[in-house]
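To begin, one chain is listed below as structure tokens, in the form predicted alone.
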């Protein structure tokens, strides 16, 4: 049995459908080539260890029997609960696997401040690594028809929900499957959209947002109004899917602009994002919108090749930071 493995998973960018996807509507999300890496080692001593310098967690240790208990540093929660949930799943428990410990070291190619889904990516990495380390013992290597990616998704999503209480799972799904996905809440639908390019420009606002806080703020609003906005966002996603597949960038850009207006009505955009989005639109982008929960983090613009530099310059002039990324990246994999 292997004792150590390194696994990586991509970050994510939401194209359309944020917020509404938490409440049963679809979204479209793409994987980005900046990745989270995790090296997971099985140790003899029954102790959980974590080193995650990107989130200021160094030399964190606790007994395996106490996983999920006591005071857990914020930066350690997702990895610790992921390990606990892996060993708690029925298919793993019945194998009576590994009485020793687990040591995890994570490293990110992107800053957690960008809102690229670092928590979900690290969770997926750890679950994938543990499946790989135990693959000679587990059912999916013994001829049973078990969907490994689905198993990783389910354990990772449970981990996110255990910690956050809310979430749709789209960031978990794109970390597992990669590519560009049409996704419905909880993984009811996970459909890979076969595209070979997506001319996106990403701008970071310089402001770190908290997803759960923003979701809770929306809950304080008139829920009839909010429900109508979510329904309209869902309709835009359904229209965007064929536009994306046919590379009808002009139509997709218009849908992005409409989605941004709905997100503004929802109250999750901020002036800094609005300024960056307007600058991109004025510079010739097909469309532009915030990407993610809002309140800060990133915006995206879809632009023709001959307008790309002008759009980047406009975002920078509005106080944003252009982040160079590639979309449609590969999902979780062993390195």
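The structure presented is a predicted model; accordingly, all values stated were derived computationally and were not measured. Positions refer to the first chain, counted from 1.
We do not show the form predicted in complex with a small molecule, though everything after this point is about it.
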Legend entry - Residue contact check: residue 287 to the small molecule in the model of the complex, 4.5 Å heavy atom: no
Inset, instruction - Report whether the minimum heavy atom distance between residue 312 and the small molecule in the model of the complex is within 4.5 Å. - result: no
Legend entry - Interface membership of residue 167, the small molecule in the model of the complex, 4.5 Å heavy atom rule: yes
Inset, instruction - Spell out, yes or no, whether the shortest heavy atom distance between residue 21 and the small molecule in the model of the complex is within 4.5 Å. - result: yes
Inset, instruction - Have a look at 92, 215, 81, 202 for me and say which one sits with a heavy atom within 4.5 Å of the small molecule in the model of the complex. - result: 215
Inset, instruction - Could you tell me which one of 293, 28, 279, 57 places a heavy atom within 4.5 Å of the small molecule in the model of the complex? - result: 293
Legend entry - Listed range touching the small molecule, judged in the model of the complex by heavy atoms within 4.5 Å, from 167-175, 81-89, 99-107, 232-240: 167-175
